[in-house]
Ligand code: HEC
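Have a look below at one chain only, the form predicted alone, in structure tokens format.
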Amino acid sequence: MRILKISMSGVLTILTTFSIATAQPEAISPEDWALYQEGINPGEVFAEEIGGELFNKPMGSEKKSCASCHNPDDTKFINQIGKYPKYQKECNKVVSLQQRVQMCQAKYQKTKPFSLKSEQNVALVTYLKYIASGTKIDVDTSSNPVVKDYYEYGKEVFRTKRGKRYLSCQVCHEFAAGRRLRMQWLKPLGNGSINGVEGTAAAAHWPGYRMTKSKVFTIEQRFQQCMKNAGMKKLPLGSKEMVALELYITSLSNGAEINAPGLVR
């Protein structure tokens, strides 16, 4: 298990979140608070104990596990994880890693796929990103017309203002970069800097464990949470709009090392 490493910016975020208190914050479960005090990311425990168990569990009529086909120590397999969302020829569309898990469940395990919002699907994807930590994000954005379409559509979703507050992802994470919202500094989501503010390479640390929710969420679930806070209608998980948005935002972090699950507010 990796010991949690916290940068000075992370320390400031945690001090703000917890009001420099030594008592357990109400937003965090007693079990997770105990782990946090020991310097352990509860998201990693979730990845190992829940996701790892599912990865090795035979399922469906074929009685196959993910491990029946994939060796978690195989470099070739691990390097593929950072390429999602990725074009799949068999369905002629770009799919997220969550959807790729569903496809394998239906095709190879012959079992009903876990829903995208289920703990099981989230756990499996978190485990995959966890074992891929240290490898690079490398999503394709232009190899064929379908990929180009998803990329451009994702950029459009990122930039389109909508909802009660007439906001977009771009308004907060580009135009307002360097300003504060709800006691947090707004930062770009990619590798580069905007308005002199360095980006967070956000896609590299999702799925992430949200300390204020005591739970691991995928990047698409985080998008939905942002949409709700912005007064927008939430896009459905796995929809073309959502996968396209995930592809575009992930592409902003191309070249960054995966370090998941992240530990976030």
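Note that this is a predicted model, so its numbers are computed, not measured. The first residue of the sequence shown is number 1, and the count goes up from there.
Here the subject shifts to the form predicted together with this ligand, a form of this protein not shown in this document.
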{"query": "Contacting member of 94, 131, 81, 123, with respect to this ligand in the predicted bound form [4.5 Å, heavy atom]", "finding": "81"}
{"query": "Any non-hydrogen atom of residue 211 within 4.5 angstroms of this ligand in the predicted bound form", "finding": "no"}
{"query": "Exercise: residue 71 in contact with this ligand in the predicted bound form, heavy atom 4.5 Å", "finding": "no"}
{"query": "Close approach of residue 146 to this ligand in the predicted bound form, 4.5 Å, heavy atom", "finding": "no"}
{"query": "Proximity of residue 244 to this ligand in the predicted bound form, heavy atoms at 4.5 Å", "finding": "no"}
{"query": "Heavy atom within 4.5 Å of this ligand in the predicted bound form - qualifying residues of 75-112", "finding": "77, 80, 81, 84, 86, 90, 97, 100, 101, 104, 105, 107, 108, 109"}
